[in-house]
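Read the single chain below, which is given as structure tokens and is the form predicted alone.
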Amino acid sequence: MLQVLIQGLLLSGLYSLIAVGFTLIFSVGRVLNLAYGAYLMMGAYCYFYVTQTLGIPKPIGFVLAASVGAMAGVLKYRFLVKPLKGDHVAVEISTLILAVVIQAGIVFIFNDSAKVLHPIVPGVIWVGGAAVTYNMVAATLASWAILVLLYLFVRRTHTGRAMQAVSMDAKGAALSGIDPDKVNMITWVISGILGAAAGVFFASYTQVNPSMWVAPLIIAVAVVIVGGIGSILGTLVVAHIIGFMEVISTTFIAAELRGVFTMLLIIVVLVMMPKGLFGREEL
């Protein structure tokens, strides 16, 4: 039971990081970035290539992976989202198609075989008879550190307050002298960084493969829908609910049921509470 509790807490921290970047885009830009999982895939492959193929130190590999995510966010907003601004359906369909195109590019460059990512921090610690890898502990602590820094950025900086203003009312923010286009660009960059960072951690927990973007995207969508679109608090709470549901179902029922209860939870919440547990909120 202790192991379930520990694994649930660790996995939930990782899911929180995966989902918050997705939530951030909708809170500010009011669109669902269905290519968000591609950030994770590109970050994971970048980290794998520079650390295990080129032999570059892990910290540098992590920074390079985050940079790839940031660049992907800039390019996606500049050449895809901005030209389609105002047509949310077109943006969502286009981002999903883009994710498939990126997957094809990854297969072309790296082939379609799965690759094992070496632990970011090797070793195992035993807690009350439960085996916990240092890698998962490090990933969870780093995830929470990133989330705390994001919270402080949004609440304490001028740019963060501008993001809050745009999330509440873009037209009103523009009348106040805030440039919504610039704020949206910054938001897509931050989302790309969070996604790429989450991709490195997620790959170290699972593996690196061209289809690895699908599961995190489903997790992010599930967390956002169940928690309430735009609710950061809902994102964090529901990430923990889903994390524990996954650990409990795979531990006590069957590993093949991974993700099944998450999908059932989405259906139940959509039927009973269409706005999610915490409703629709601004950033």
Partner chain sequence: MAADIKTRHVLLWAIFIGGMCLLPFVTTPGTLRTIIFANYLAIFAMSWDFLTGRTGYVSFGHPFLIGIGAYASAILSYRYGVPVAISIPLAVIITMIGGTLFFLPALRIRGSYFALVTLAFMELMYQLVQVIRPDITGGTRGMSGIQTITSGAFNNFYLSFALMAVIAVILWTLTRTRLGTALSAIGMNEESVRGSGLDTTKLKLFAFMVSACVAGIGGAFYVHYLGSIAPRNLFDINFLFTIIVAALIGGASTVVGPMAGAFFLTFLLEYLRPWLPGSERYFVYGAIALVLYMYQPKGLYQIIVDSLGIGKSRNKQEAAGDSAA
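Positions refer to the first chain, counted from 1. In this text the structure is predicted, and so the values were computed from the model without any measurement.
Beyond what is shown, the protein has a form predicted in complex with its partner chain; the following relates to that form.
Undergrad: Even though its partner chain is not shown here, does it sit in the predicted bound form so that Arg155, Ser191 and Ala197 each have a heavy atom within 4.5 Å?
TA: No.
Undergrad: If you check in the predicted bound form, is Val214 within 4.5 Å of its partner chain, heavy atoms only?
TA: Judged by the heavy-atom cut-off of 4.5 Å, Val214 is in contact with its partner chain in the predicted bound form.
Undergrad: Counting only non-hydrogen atoms and a 4.5 angstroms cut-off, does Lys182 reach its partner chain in the predicted bound form?
TA: Contact with its partner chain, no.
Undergrad: Indicate whether Ala90 is a 4.5 Å heavy atom neighbour of its partner chain in the predicted bound form.
TA: Heavy-atom contact with its partner chain at 4.5 Å: present for Ala90.
Undergrad: Answer yes if any heavy atom of Leu32 is within 4.5 Å of a heavy atom of its partner chain in the predicted bound form; otherwise answer no.
TA: Contact with its partner chain, yes.
Undergrad: Heavy atom within 4.5 Å of its partner chain in the predicted bound form: which of Ser94, Asn209, Asn135, Ser167?
TA: So the residue touching its partner chain in the predicted bound form, by this definition, is Ser94.
Undergrad: Though its partner chain is not shown, can you say which of Leu147, Leu98, Ile120, Ile178 has a heavy atom within 4.5 Å of it in the predicted bound form?
TA: Of the listed residues, the single hit is Leu98.
Undergrad: Of these, 63-71, 49-57, 214-222, 233-241, which stretch puts a heavy atom within 4.5 angstroms of its partner chain in the predicted bound form?
TA: Result for this chain: 214-222.
Undergrad: Residue by residue through 239-272, which ones have a non-hydrogen atom no more than 4.5 angstroms from its partner chain in the predicted bound form?
TA: Read in sequence order, the residues that approach its partner chain (within 4.5 Å, in the predicted bound form) are Glu256, Leu257, Gly259, Val260, Met263, Leu264, Ile266, Ile267, Leu270, Val271.
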